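Shown here is one chain on its own, the form predicted on its own, set out as structure tokens.
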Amino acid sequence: MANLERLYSDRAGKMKKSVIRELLKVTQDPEIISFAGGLPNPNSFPIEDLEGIISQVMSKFGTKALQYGTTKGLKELRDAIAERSYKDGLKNITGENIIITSGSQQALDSVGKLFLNPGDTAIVGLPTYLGGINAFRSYECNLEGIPLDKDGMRIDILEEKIKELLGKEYVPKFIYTVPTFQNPAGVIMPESSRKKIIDIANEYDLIIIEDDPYGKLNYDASYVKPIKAFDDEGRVIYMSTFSKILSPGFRLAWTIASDEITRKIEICKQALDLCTNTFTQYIACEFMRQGSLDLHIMKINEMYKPKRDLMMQAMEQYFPEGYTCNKPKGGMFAWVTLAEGIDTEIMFLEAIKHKVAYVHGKAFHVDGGGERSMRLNFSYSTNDQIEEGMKRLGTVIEKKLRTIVA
């Protein structure tokens, strides 16, 4: 039997499995109601529209759509994204500043590879997106967390932390943030904080990684421009995706960055996959060109908002007192914090026995915190499943509370 352990790199030994991906394996039992994955609702997929577009793509662009493409991505798609981004307040960018990636996870891995040496420091939220944590930690860095409140990352604590790190000669490389309907907390950073975080990056010579998968899933919030809209020095790398607004199976996302950073990401991507799926790029481009995307996003929001409302109402009905959950104004997740003494990672085993699943809060904390919290996805499940799932979960929480009191 080969002794492979001695052959693996040091980096391979430090890689960790995605908690969410491992949970999804556990929840394959059809009897389990799962709020664990960040999955769009399959009924939101525009199957009939896409059937016609796929036929058109094959007819008009068949030989090109089935061929290798450029590393940066289909020019027509990049130009269409640039035009939409201009309307969102991102000025002075063109399709040349955009790279189409194979999902946002590839973009996160790329920036980790570009900026992080072993032992480097990056700053993230407490809590923050697990995929970002895994991508950055694979490059053997140190992640420092900044607490969130109802307005997202605490900007006052951010600046204090940067000064503290500089005092220890741990110069941070970048700040990673999901400012709009944050995953997992669901909060939105106000414009004043977005401008301030730019000022901080300018003052301390940092990069900002702005991850924006959920910005268009807006149910109640006033529109706030991306952080990138306030970037005058080319410090912000903006990321977004078609996964939440069209189809995750397309594996299409994009980055918007300065000329210099875009060139670096392109070189990095050449070593990863040469090019993103050309066929799905043509489909997404035609979907946008025909004016279908904005209408489709409206339909998604009309579907998800009632599901969010139902989950909030069911929590109030079935959860015992002592929990907190700020109603998210957009996105796909509710972030729940339970009473003192409850560890949601331990409670997960009991939840599975009751055929209901979630993601425990520790998975989203780089400091070991979050033991009382959990993330619940409301976009994927049916209304009946949301109702029944909250009932089951309420029973589990009630049972756990009784053991604490006892």
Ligand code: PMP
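Quick caveat: nothing in here was measured; it's all calculated off a predicted structure. Residue numbers here begin at 1 and follow the sequence given.
Separately, the form predicted in complex with the named molecule exists; it is not shown, and the next lines address it.
Engineer: Contact between residue 104 and the named molecule in the predicted complex at 4.5 Å, heavy atoms?
Structural biologist: Yes, residue 104 is a contact residue.
Engineer: Does residue 213 make contact with the named molecule in the predicted complex, using a 4.5 Å heavy atom cut-off?
Structural biologist: Looking in the predicted complex, residue contacts with the named molecule include residue 213, since a heavy atom lies within 4.5 Å.
Engineer: Hey, in the predicted complex, is residue 255 touching the named molecule, heavy atoms inside 4.5 Å?
Structural biologist: Because no heavy atom of residue 255 falls inside 4.5 Å of the named molecule in the predicted complex, the answer is no.
Engineer: Within a 4.5 Å heavy atom cut-off, is residue 174 in contact with the named molecule in the predicted complex?
Structural biologist: It does not: once the named molecule is placed as it appears in the predicted complex, residue 174 has no heavy atom within 4.5 Å of it.
Engineer: Within 4.5 Å, heavy atoms only, one stretch in 288 to 296, 236 to 244, 264 to 272, 79 to 87 touches the named molecule in the predicted complex. Which?
Structural biologist: The contacting stretch here is 236 to 244.
Engineer: Identify, from the list 129, 139, 115, 279, the residue with a heavy atom within 4.5 Å of the named molecule in the predicted complex.
Structural biologist: Selected option: 129.
Engineer: Using a 4.5 Å heavy atom cut-off, which residue among 187, 74, 108, 227 comes into contact with the named molecule in the predicted complex?
Structural biologist: Answer to the contact question: 108.
Engineer: With the named molecule taken in the predicted complex, which residues across 173 to 203 come within 4.5 angstroms through any non-hydrogen atom?
Structural biologist: Sequence-ordered list: 176, 178, 183.
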